[in-house]
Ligand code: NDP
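The chain below stands alone, shown as structure tokens; this is the form predicted alone.
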């Protein structure tokens, strides 16, 4: 009988791709959902994508509740913890998401420890690595870097991912399951259903011509198919235990993302962003909007993310970011989510 894997937050964009990867590798997958209705939707999506849903089961569990987690991990060899809040809007309280993100992670880690799970793979983010630093840090970031949660220029999401990951590492210090952490950049790629999520919504906004001007910010991008593969490898490769892995196929500015959209969908060439907003306008807008506040610390900064660990230890050959953008565009068109 194949090993059973607990996959938390299976209804998420990344998690559905991870589920397909695990099922294709022959594992049994138990996904956590917050309702039976959500489970039915996920099962249909994975079935339509060719997943072996005869090896798929669901359990109800909530990151904010203690109940259900011991039952969820019972009989599992590995746990892949992807569930975490990812809001569309930034809160003024940078610690607003920490109770759910950190508390939920600890519930999963502690339940896995009680159940004798062999290894946990945690989906963290580059948001736990490169935010809250001034220009003195320089452009290069590796797995040894951590975001500065004390900075006044850090988002609630980045704080939550940093605090949750730190809590996970601390929880396994004294023993228990092995831990491997993947830190993806901005995740794009093919969509499996009509739930766009925060990442694909940016591409949709540009594709629909709703973002004629963009700030001068650049960020790393990684294809969700590479992220899913990295989760499987982090779970099974012996040398992955006790390590973090940055996942990134390359960086694009927001203007370059627009240009990549136009290449993938020539009919959208007239609708993608044409202007870069002057920095002073973005700083002025930051007084009134959370999105602008989040952009200010990143203006004009192009970060270089070290991916050698993922390439060498996990064997990931990353797709270029333009491929991930194009795949997102195709999905949005095929699913009827963009004209």
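Residue numbers count along the first chain shown, from 1. Just so it is clear, the model here is predicted, and its values are computed rather than measured.
A second form of this protein, the form predicted together with this ligand, is not displayed here; the remarks below concern that form.
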| item | value |
| --- | --- |
| Triplet 191, 204 and 321 all within 4.5 Å of this ligand in the predicted complex via a heavy atom | no |
| Which of 211 to 219, 137 to 145, 252 to 260, 119 to 127 sits within 4.5 Å of this ligand in the predicted complex, heavy atom basis | 119 to 127 |
| Residue 74: touches this ligand in the predicted complex, heavy atom cutoff 4.5 angstroms | no |
| Any non-hydrogen atom of residue 331 within 4.5 angstroms of this ligand in the predicted complex | no |
| Residue 283: touches this ligand in the predicted complex, heavy atom cutoff 4.5 angstroms | no |
| In the predicted complex, residue 100 touching this ligand (heavy atom, 4.5 Å) | yes |
| Heavy atom within 4.5 Å of this ligand in the predicted complex - residue from 56, 63, 309, 295 | 63 |
| Of 230, 109, 187, 179, the one that lies within 4.5 Å of this ligand in the predicted complex (heavy atoms) | 187 |
| Any residue of 133 to 168 that, in the predicted complex, places a heavy atom within 4.5 Å of this ligand | 157, 161 |
